[in-house]
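Read the single chain below, which is given as structure tokens and is the form predicted on its own.
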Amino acid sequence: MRRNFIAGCALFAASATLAQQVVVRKGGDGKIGISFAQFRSGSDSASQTFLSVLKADLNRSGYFTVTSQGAEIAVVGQVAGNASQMKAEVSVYKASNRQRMMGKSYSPAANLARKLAHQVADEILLAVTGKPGMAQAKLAVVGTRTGRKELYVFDIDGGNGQQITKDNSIVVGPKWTPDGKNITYTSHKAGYPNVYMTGQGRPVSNYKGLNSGGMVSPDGSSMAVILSRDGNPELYIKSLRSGQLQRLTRTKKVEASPCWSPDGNYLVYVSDETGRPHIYIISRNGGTPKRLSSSGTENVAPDWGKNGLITYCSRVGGKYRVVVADPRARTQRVLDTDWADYEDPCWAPDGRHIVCSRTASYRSAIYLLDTLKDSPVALISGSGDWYSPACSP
């Protein structure tokens, strides 16, 4: 993250494909019309929440438009419940020939209406398009609702928010563990930056000096971390079993924000080796790093998605923009956004969307960007500033 990098400088100066899928048209807005005209909902709160969240998830996916006319897909069934339980039956058909594409029954507790809606949204998307969804993902974010930077977790649509830390200090750099059960983050609650993990009371990295940027490897065995134990901030890999350290960089400059490749064989990170922050890739076995970014006055906050693409933040024309890079093809493109600053990008699990922070008029909020041109969507805003989003796997 840019903020982590600046802080460091200050310290030291996939899814299965189903048959019979609907092909997304390229005409018009290229989206699939989906109708709920034949779906009945009870008047209870849980049922109403389920239906409204489900429709919003499908619209937000970028592949569907919920409509009552000219729909290609029909959702048929019902949902009803009471204060403790709800039951839902959901079937999906092609409107043209009534071919059934999905049919399931659900009986969750009433307080799980939102969770069920997210699940069904992803199941509908997979059944119709064969593509993975993002509706069930969680967002770890840093927020200032209490006046301090604390860690929060939300559903990816910005609902169901919960405060995780009460450090009464500064929390930065959240990253999910590969199993999606815990979050690593840097906290200054001890008076200096250490790396912590939710579910553990003690820090997972508390060497002398700076500890930041902790991210667990895809296989769960190691953690990439930035340490200044030998002088200036350098990139290390720490074994979570033995505690053994492997130093990867020796630049005598400042490194920051490491992120693993999907296969765990490489790391992308930030270094100001050339005098300005740029994005580099290095093998987990060490060796000579390769520079990825080629333009912009400042390139920071890389995130390597399961789709094989790397997104990062680049200062272009005085504004922070979001870049999508293909490290294999050595191509890069800047996403079209408005005049605000867009920072801290991370991939959503669908491989299509990017979640980032948007800063305008000195206030920061969390936004969803569509790499296929849909307009940005506000996810979390108000009640303080919101930064550094991280999507669960």
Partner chain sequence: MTKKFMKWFLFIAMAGSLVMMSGCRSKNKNNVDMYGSSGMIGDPLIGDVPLDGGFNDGLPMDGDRSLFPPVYFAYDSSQVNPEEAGKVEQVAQHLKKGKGQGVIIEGHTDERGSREYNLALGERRALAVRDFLISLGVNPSAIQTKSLGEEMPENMGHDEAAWRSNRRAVFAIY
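Quantities reported herein were computed from a predicted structural model and do not represent experimental measurements. Positions refer to the first chain, counted from 1.
From this point on, the text means the form predicted together with the partner chain, which you will not see here.
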{"query": "Heavy atom within 4.5 Å of the partner chain in the model of the complex - residue from Asp272, Glu123, Glu89, Asp167", "finding": "Asp272"}
{"query": "Of Val300, Ile183, Val322, Val79, the one that lies within 4.5 Å of the partner chain in the model of the complex (heavy atoms)", "finding": "Val300"}
{"query": "Proximity of Lys149 to the partner chain in the model of the complex, heavy atoms at 4.5 Å", "finding": "yes"}
{"query": "Exercise: Pro193 in contact with the partner chain in the model of the complex, heavy atom 4.5 Å", "finding": "yes"}
{"query": "Partner proximity in the model of the complex: Asn206 to the partner chain, non-hydrogen atom cutoff 4.5 Å", "finding": "yes"}
{"query": "Interface membership of Ser228, the partner chain in the model of the complex, 4.5 Å heavy atom rule", "finding": "yes"}
{"query": "Residue stretch of 279 to 287, 92 to 100, 211 to 219, 127 to 135 approaching the partner chain in the model of the complex, non-hydrogen atom distance within 4.5 Å", "finding": "211 to 219"}
{"query": "Residues within 4.5 Å of the partner chain in the model of the complex, restricted to 164 to 190 and counted by heavy atom", "finding": "Ile170, Val172, Gly173, Lys175, Thr186, His188, Ala190"}
